[in-house]
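The chain below stands alone and is given in C-alpha cells; this is the form predicted alone.
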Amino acid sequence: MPTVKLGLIVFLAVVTVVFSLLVAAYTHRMTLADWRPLPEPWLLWPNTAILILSSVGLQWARVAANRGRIDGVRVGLLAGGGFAFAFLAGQLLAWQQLAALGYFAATNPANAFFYLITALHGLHLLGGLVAWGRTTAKMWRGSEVAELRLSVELCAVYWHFLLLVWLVLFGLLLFT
C-alpha cells in the first residue's frame, strides 16, 4: 500500500472521530432547555445534490484513470471541482440567508452548532480542493494517466468520505 494511501486512511479515521464527537456533543446539547432549533435553510437540499454530483464527477475521473482515458479524467476532475466550489458557495449563501433572518451563531446553541458543523465540513472540503487542485494542475501539465491514477483515486475516496459525512450531518440537522 502506498504511504499516501495509508496516510489518507489515518487522516479519515481522525476526521471520523472528530465529527463523531461533534455529533455526540450536538445530540447531548440539544436536550438542554435553552436549545431552540433554527429553521432548515432550503439551500441545504440543492447543496446536497451538488455535493453528490461532485462525488460522481470524481468517481468518473477515477474510473477513467483506471481505464487510461485522460479525457474522462479531465471531465471528471473539472466536474468534481466545479461542483465542490458550487457547494461551498451555496453553503455561504445559506449562512447569509440565516443571518438575514437574525439567526446568528451567538443567538443560541443550535445556531452555533449549525455554523460550527457546516464550517468544519466546509474547511475539510477546502482541504480536499487543495489536493484536487494539485491533481488537476498535474493533469494540465501533461502528466500521463498512470502518473495521475493514485492522486485521482485519493481525491475520489476523500470526496466520497466527505459526502458520507455531509449526509450524516445533514440528517442530524434536518431530523433533530
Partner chain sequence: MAFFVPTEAEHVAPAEVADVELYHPKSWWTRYIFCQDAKVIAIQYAITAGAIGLVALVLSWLMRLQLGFPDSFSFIDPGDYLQFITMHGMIMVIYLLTALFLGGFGNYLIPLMVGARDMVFPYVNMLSYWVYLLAVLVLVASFFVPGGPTGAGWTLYPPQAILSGTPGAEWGIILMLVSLALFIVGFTMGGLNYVVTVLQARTRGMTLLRMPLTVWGIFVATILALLAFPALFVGAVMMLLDRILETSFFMPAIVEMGEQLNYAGGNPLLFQHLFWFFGHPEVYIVALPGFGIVSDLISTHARRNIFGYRMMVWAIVAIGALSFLVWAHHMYVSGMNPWFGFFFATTTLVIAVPTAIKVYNWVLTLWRGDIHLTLPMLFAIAFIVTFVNGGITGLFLGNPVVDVPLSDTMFVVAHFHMVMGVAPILVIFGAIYHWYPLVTGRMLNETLGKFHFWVTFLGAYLIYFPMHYLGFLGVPRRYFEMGETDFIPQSAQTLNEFITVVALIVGFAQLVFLFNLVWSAYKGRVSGRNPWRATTLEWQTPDFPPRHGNWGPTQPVVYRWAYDYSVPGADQDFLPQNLAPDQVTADNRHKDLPDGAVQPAE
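Small disclaimer: the values here were computed from a predicted structure and weren't measured. Numbering follows the first chain given and starts at 1.
Keep in mind the form predicted in complex with the partner chain is missing from the figure; the text below concerns it.
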| task | May I ask you to state whether His28 is within 4.5 Å of the partner chain in the predicted complex, using heavy atom distances? | result | yes
| said: Is it the case that Leu174, even though its partner is missing from this view, gets within 4.5 Å of the partner chain in the predicted complex, heavy atoms only? | reply: no
| query | For Ala106, is any heavy atom within 4.5 Å of the partner chain in the predicted complex, or not? | reply | yes
| At the 4.5 Å heavy atom threshold, is Leu22 in contact with the partner chain in the predicted complex? | yes
| message | Can you pick out, from Leu126, Ala49, Ala131, Ala112, the residue that has a heavy atom within 4.5 Å of the partner chain in the predicted complex? | response | Ala112
| in the predicted complex, do Ile70, Ala89 and Leu93 all reach within 4.5 Å of the partner chain through at least one heavy atom apiece? | no
| task | Residue by residue through 7-27, tell me which have a non-hydrogen atom within 4.5 angstroms of the partner chain in the predicted complex. | result | Gly7, Val10, Phe11, Val14, Val17, Val18, Leu21, Leu22, Ala25
